[in-house]
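Only one chain comes next, encoded as structure tokens, the form predicted on its own.
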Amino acid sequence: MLSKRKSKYFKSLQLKKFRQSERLFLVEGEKGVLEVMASDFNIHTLLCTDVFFERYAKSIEKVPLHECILVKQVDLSAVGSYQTNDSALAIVHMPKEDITPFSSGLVLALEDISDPGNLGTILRVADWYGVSQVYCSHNTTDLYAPKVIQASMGSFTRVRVNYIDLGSWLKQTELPVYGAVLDGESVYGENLPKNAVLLMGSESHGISEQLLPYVQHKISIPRVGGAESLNVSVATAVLIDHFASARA
């Protein structure tokens, strides 16, 4: 049974300040919970319905948990942000950040991405193309916000994300830095390397004046129609696809 005290405590993790102070975050829904159970993330508490517990009892037994609490659907809705969650919710420990520099492959750098849905989708795209390392500016939205976790569809368990001073890092990296800008060279004509940094700017302002000096290669996606701009997650997918083609 879920007590009112625990319900209130778990619900507080929807807010960034409590997530950061407790070093815990929420993962909601059957797919997300199964993804995190199969990962190397450490689960503190599992809240689940009788149906979920019976269906995945053997898997749950293999996961080191502080506590597993059987609850009703209304309890899951009260704690999390999903109103239709009828399966499970996990309270998960945040891992320690690992900023070991990468010297090969494609590394993604994100400056001030503010929309949680965009960040989650970008992680999903990165996961699809095998990009395992993402560096975010400190002003990029919180990785562990419920909407980011939801939009990533489990990819947050496989893509390593660190929040750093991007300017200092870009200044020191030995990888060539490619930046997405509206007036850059067409990506279709570029001979893209296998090892590089792809820098994506904010939804509203693009790459800032502070980071542009570190961009050695300015690239863009040529516009054919009349749209003013592309969503940053869509643009990231298009550009990563071209880098992936270079690796093939």
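Position 1 is the first residue in the sequence shown; the rest follow in order. Bear in mind the structure is a predicted one, so any value in this text is a computation, not a measurement.
Just so it is clear, the following notes concern the form predicted in complex with another copy of the chain, a form of the same protein that is not shown.
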Any non-hydrogen atom of Gln133 within 4.5 angstroms of another copy of the chain in the predicted complex: no
In the predicted complex, Ser87 touching another copy of the chain (heavy atom, 4.5 Å): no
4.5 angstroms heavy atom contact with another copy of the chain in the predicted complex for His242: yes
Non-hydrogen atom contact Val238 with another copy of the chain in the predicted complex at 4.5 angstroms: yes
Which of 180-188, 49-57, 64-72, 206-214 sits within 4.5 Å of another copy of the chain in the predicted complex, heavy atom basis: 180-188
Whether Arg124, Trp128 and Leu230 all lie within 4.5 angstroms of another copy of the chain in the predicted complex by heavy atom: yes
